[in-house]
Ligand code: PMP
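Coming up is one lone chain in C-alpha cells, specifically the form predicted alone.
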Amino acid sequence: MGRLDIKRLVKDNVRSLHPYEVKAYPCDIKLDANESPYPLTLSPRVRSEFNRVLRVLNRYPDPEARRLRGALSRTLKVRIDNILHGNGSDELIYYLITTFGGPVMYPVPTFSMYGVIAQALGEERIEVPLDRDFDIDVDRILTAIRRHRPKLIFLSSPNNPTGNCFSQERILEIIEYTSHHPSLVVIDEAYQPFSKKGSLVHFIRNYGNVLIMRTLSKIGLAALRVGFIIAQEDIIREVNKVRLPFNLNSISQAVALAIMKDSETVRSNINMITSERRRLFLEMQQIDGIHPYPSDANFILFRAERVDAIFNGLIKKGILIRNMKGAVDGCLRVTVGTPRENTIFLNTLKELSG
C-alpha cells in the first residue's frame, strides 16, 4: 500500500502557513507575552462563582453568555445586543473574516493573527506600512482602499508591537471614508486599559461600519480566553451566525463575571503596570545604545545596537523578552513586569549594553 502524500490534499493557502509556536525558554522572568505579571487573588465572590460552576460541569455553558454580556453592556454603556463574545480575540478575528471575507487590510507592523487567519481562510491580505512615527499613513491607506476595496480593515490601537495609539483623527478619516465604501473598520482595543486615551466604543453609535474588539487577557485573565466585539446589532447578528455553539466555557464566563463585579484589584494592577512602564521607559532612555519608544500599552518596544546579543544574554540570565526580528528589525519588546522583575531586567540590560 502506497504512502499517502498528505500535502497534496492540503489547500495551497494552508500549505504555506507555519503553526503559531511559542518557543520554550527556561527563564524565571517571563516578559515576552504581554501578560499581566500579577495573578488575581480569588476574592470570596470569585471563589463562590468558581465553586458554583464546578458543581455543574456536566452541563453545557450558556451559549449566549447572557450574564457576562449583560455586565459588559452596563460597563460599556451599550445594549447587550451590541456585544458578541468569543474565545479570545483570535476566535473573533476568525469569525469576522469568515463572515465578511476579504480582502483584509491592516497596517504593518501589527498583530500577526490578522494576516495569519486571513491566509488560513484563503482571503487576500493587504498590508500598508505605518509612517516613521508608527502612526497610520492615511494617504497610503486610502489609496489602498480605493484600489483593493477591502471588506475588513483591522486597526490595533494601542498597536502591538509598537505600543502607540494611532491618531484618532486619522482613524476617523478612514472610518468616514469607508462609510461611503463597503468596508468595515475593526478597532482592536486589546491594550486600551493601559492608555490615557479613551476608548472609541462611542463611534459605533454614529458609524455603522465600526466594530470595537476588546479582551480580558491583558488585564490579568489571559488563561480564561475571553474576548468580545462591540458593534451595531445588524453586524453582531451576521457574525453570530458563524459562532460555534458553547464557544465560551462556563468557568471563563463565571470567573470573568465575578472579577468584573469586583474590579478594584484589576484597576490597582493596571495602575501599577502603567507606573512601572514609565519607570522602565525613563531608565531605558539613559542606557547607551538603547532607544525605547513611548507606549500606551503594557509593553515597551525598543531599538538596540546588538539585538541578538542582548536577547541571548538576557535568556542566559533567566529573562525572556521578545525579539522582533522580521516584524520590526533591530528591535526588542519587553512586557512590563513586577517592580522586582523590571529592576532585574534594567540592571541586566545595562550590563549587556555596556
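This structure is a prediction, so every number in the text was calculated from the model and none was measured. Sequential numbering from 1, following the sequence displayed.
Another form exists, predicted in complex with the ligand; not displayed. Remarks below refer to it.
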In the predicted complex, the residue from E123, D90, E276, E283 that sits within 4.5 Å of the ligand by heavy atoms: D90
Of F100, F111, Y207, F194, the one that lies within 4.5 Å of the ligand in the predicted complex (heavy atoms): F111
Interface membership of A118, the ligand in the predicted complex, 4.5 Å heavy atom rule: no
4.5 Å heavy atom contact, N160 and the ligand in the predicted complex: yes
4.5 Å heavy atom contact, I212 and the ligand in the predicted complex: no
The ligand contact in the predicted complex: N82, any heavy atom under 4.5 Å: no
Among 239-247, 141-149, 168-176, 213-221, the region lying within 4.5 Å of the ligand in the predicted complex by heavy atom distance: 213-221
In the predicted complex: members of 136-158 within 4.5 Å of the ligand, any heavy atom: S156
